[in-house]
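There is one chain below, alone, in structure tokens, taken in the form predicted alone.
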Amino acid sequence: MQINGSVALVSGANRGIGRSFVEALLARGAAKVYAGARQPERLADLVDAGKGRLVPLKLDITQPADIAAAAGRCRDVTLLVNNAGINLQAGLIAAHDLAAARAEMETNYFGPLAMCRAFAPILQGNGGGAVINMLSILARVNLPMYGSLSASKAAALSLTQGVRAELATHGTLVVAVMPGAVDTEMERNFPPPKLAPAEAARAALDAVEQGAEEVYPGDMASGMSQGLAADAKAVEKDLAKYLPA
């Protein structure tokens, strides 16, 4: 699939990796980009820069009504970018209650699942296309200081694999993007080095054009992926040292 001429929808487009996705899509010649955000008024500068190719969209992926409205409006989408996500930086046992874990699962797992379900028939009707699910290398191994975030991303990786299998007959590519730490507001407390958001977006779009099903942007993610292939238990034990505050 080529980005040039595509019609994309990006969730969580107002900042961080989502904003970088929008900018990269426009730079690569996307015909139209629907930029989804809970507060679309925050997209004003992107709308100006988009020169008629960017359409702001009210979209909270935890709200079924927002998803249904987006699916009803965006019938020409050929590329779905499930980027919206949260990291409440909570452990599993150390957390005061289950609120963080439930919120992360709602946004990081159920939200992308609902988006995939809503847009799968649209992509199929447009001849097949691609879905990008923004995950994390922590989908493959738990970092205890972000214990519930890691669990939600692991669930999202599993859903990505299942959706990939179901949509293969539609001609739709499903890409799992698993970076390490990215330099965004969500990871402001994580120590450097951190990957630039634009690099994560670039790697994801390159994967779509190359037909790759998984991509590990940045040295941290690629190194951890290699470590997991060589000795997954050693990587788990190494991350086990990083406990919740």
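Quantities reported herein were computed from a predicted structural model and do not represent experimental measurements. Residue positions are given as counts along the sequence shown, with the first one as 1.
Absent from the display: the form predicted in complex with a small molecule. The rest refers to it.
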Exercise. Any idea which of 22 to 30, 177 to 185, 202 to 210, 44 to 52 reaches within 4.5 Å of the small molecule in the predicted complex, heavy atoms considered?
Worked result: 177 to 185
Problem set entry | Leu88: touches the small molecule in the predicted complex, heavy atom cutoff 4.5 angstroms | no
Exercise. How about Ala156: is it within 4.5 Å of the small molecule in the predicted complex, going by heavy atoms?
Worked result: no
For this session: Determine whether any heavy atom of Met134 comes within 4.5 Å of a heavy atom of the small molecule in the predicted complex, and answer yes or no.
Result: yes
Exercise. Wondering, does Ala35 line up within 4.5 Å of the small molecule in the predicted complex on heavy atoms?
Worked result: no
